[in-house]
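For reference, the chain that follows is the form predicted alone, supplied as structure tokens.
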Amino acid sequence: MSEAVPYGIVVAFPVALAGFTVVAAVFDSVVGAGWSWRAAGGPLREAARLLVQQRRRTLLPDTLLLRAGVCGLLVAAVLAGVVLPLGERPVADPPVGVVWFNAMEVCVWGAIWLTGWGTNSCYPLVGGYRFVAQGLAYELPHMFALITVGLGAGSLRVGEVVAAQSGLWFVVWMPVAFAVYLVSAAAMAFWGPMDRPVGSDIAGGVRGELSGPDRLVFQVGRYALLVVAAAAAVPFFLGGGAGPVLPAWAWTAIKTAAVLAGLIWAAHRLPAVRMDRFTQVSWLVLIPASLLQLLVVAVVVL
């Protein structure tokens, strides 16, 4: 019986990730079409179209690097999600789970860069450079927000972070860190106002030359990364699966859906942000604010 629970979690994890990825794509399509329910089937039709579409090739692409980047985006999202609890327990709960999550998120940098470089085309390369610049802007605030969580819990194990919120959720006394995390989560998934790496002004950027199954895997990886970024806010700031009446896994799903819906809604309501402006805001506002929040938590804890 002791091994039944881990086995069930291992099976449930890919099912939950796949389900939320489909929900995110459908909700994004519905909101983008002005709440037209006819758009709900759009992602499924697009997936079927890309599955049978012939791949478009540029001149002298580095196919190995291109495929490594396209698949690496999805792999990084999956590996980042294995430390997030599915209710009460995650697939893996290492002592440095918070650091593991951040490390897998950094792997996204390599995946996006390889995708932009491997196509041997101008616009995808520009999109890759944009994401590197965006990463340099958001990574420090993102890291400080996660450090604040670890400091508040006195541990980098995600399970202990959740346990530390049994009396009071971190979002209550770490609101600045939570806000910074949401901004950096959108930047991490190059989503909404932070989608300049795949911007229409550079013909789709990193994904501009992708077609067929390559484009489908890239799109799935991007939605999966957005889902994982939203799901991570639950154990880090929203008390994990804590809640009345319903079981832990249900509260985890509800909170994840709420954060995910907020990120998708914001993507269709907020204007795009230029990389140079975002860098200024990040270094002049987000970093000092996150450091101040870190200082407040350190004083309270110590």
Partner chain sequence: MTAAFWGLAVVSAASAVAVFVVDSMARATFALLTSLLAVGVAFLLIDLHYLGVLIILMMVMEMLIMAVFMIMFMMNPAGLTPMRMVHNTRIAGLVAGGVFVLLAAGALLTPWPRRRGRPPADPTHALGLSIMGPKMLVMMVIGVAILATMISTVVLATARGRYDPPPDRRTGEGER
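Numbering follows the first chain given and starts at 1. Just so it is clear, the structure is predicted and the values come from calculations on it, not from any experiment.
Omitted here: the form predicted in complex with its partner chain. The next part is about that form.
> Hey, with its partner chain in the predicted bound form, do V99, V132 and L156 all fall inside the 4.5 Å heavy atom range?
Replying inline: Result yes, every residue of the spot touches its partner chain.
>> By the heavy atom within 4.5 Å rule, which residue out of C122, L136, L216, L182 makes contact with its partner chain in the predicted bound form?
In response: Contact with its partner chain in the predicted bound form is made by L136 alone.
> Can you pick the one in C107, A203, A92, V126 that has a heavy atom within 4.5 Å of its partner chain in the predicted bound form?
Replying inline: Spelling it out, the residue with a heavy atom inside the cut-off is C107.
> Taking 4.5 angstroms as the cut-off for heavy atoms, does R49 touch its partner chain in the predicted bound form?
Replying inline: It does not: once its partner chain is placed as it appears in the predicted bound form, R49 has no heavy atom within 4.5 Å of it.
> Just to confirm, W191 within 4.5 Å of its partner chain in the predicted bound form by heavy atoms?
Replying inline: No.
> Would W283 show up as a contact with its partner chain in the predicted bound form if we use heavy atoms at 4.5 Å?
Replying inline: W283 belongs to the contact set for its partner chain.
>> Residue-level contact is defined here as any heavy atom of the residue lying within 4.5 Å of its partner chain in the predicted bound form; does R277 satisfy this criterion?
In response: Yes, R277 lies within 4.5 Å of its partner chain in the predicted bound form.
> in the predicted bound form, which of the stretches 250-258, 230-238, 30-38, 61-69 has residues with heavy atoms within 4.5 Å of its partner chain?
Replying inline: This holds for exactly one stretch, 61-69.
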